[in-house]
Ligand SMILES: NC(=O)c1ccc[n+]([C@@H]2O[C@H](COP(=O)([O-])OP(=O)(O)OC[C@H]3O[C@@H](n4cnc5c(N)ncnc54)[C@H](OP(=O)(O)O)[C@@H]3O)[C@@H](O)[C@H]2O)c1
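Have a look below at one chain only, the form predicted on its own, in structure tokens format.
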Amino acid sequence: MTTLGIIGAGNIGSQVARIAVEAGDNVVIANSRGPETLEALIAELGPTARAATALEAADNL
């Protein structure tokens, strides 16, 4: 299973995350406001996604 790091959780980043999760990939997603602000998106994406800092997401690029 591939892990995809995404920096930016706006319209494009969140859509890329949805597509990656649907394809069976793990997702690590970050935004400029901090991982705690991504709770709703992570709940929507499911257990193969997690919020992180930009540095943590970059480790998965």
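In this text, residue numbers run from 1 along the sequence as written. Computed from a predicted model, the values in this text were never measured in an experiment.
Absent from the display: the form predicted in complex with the named molecule. The rest refers to it.
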- prompt: Is Ala51 one of the residues lying within 4.5 Å of the named molecule in the predicted complex, judged by heavy atom distances?
  reply: no
- prompt: Does the named molecule get within 4.5 angstroms of any non-hydrogen atom of Gly46 in the predicted complex?
  reply: no
query: For Gly10, is any heavy atom within 4.5 Å of the named molecule in the predicted complex, or not?
result: yes
message: Under the 4.5 Å heavy atom criterion, name the residues of 31-54 that approach the named molecule in the predicted complex, in sequence order.
response: Asn31, Ser32, Arg33, Ala54
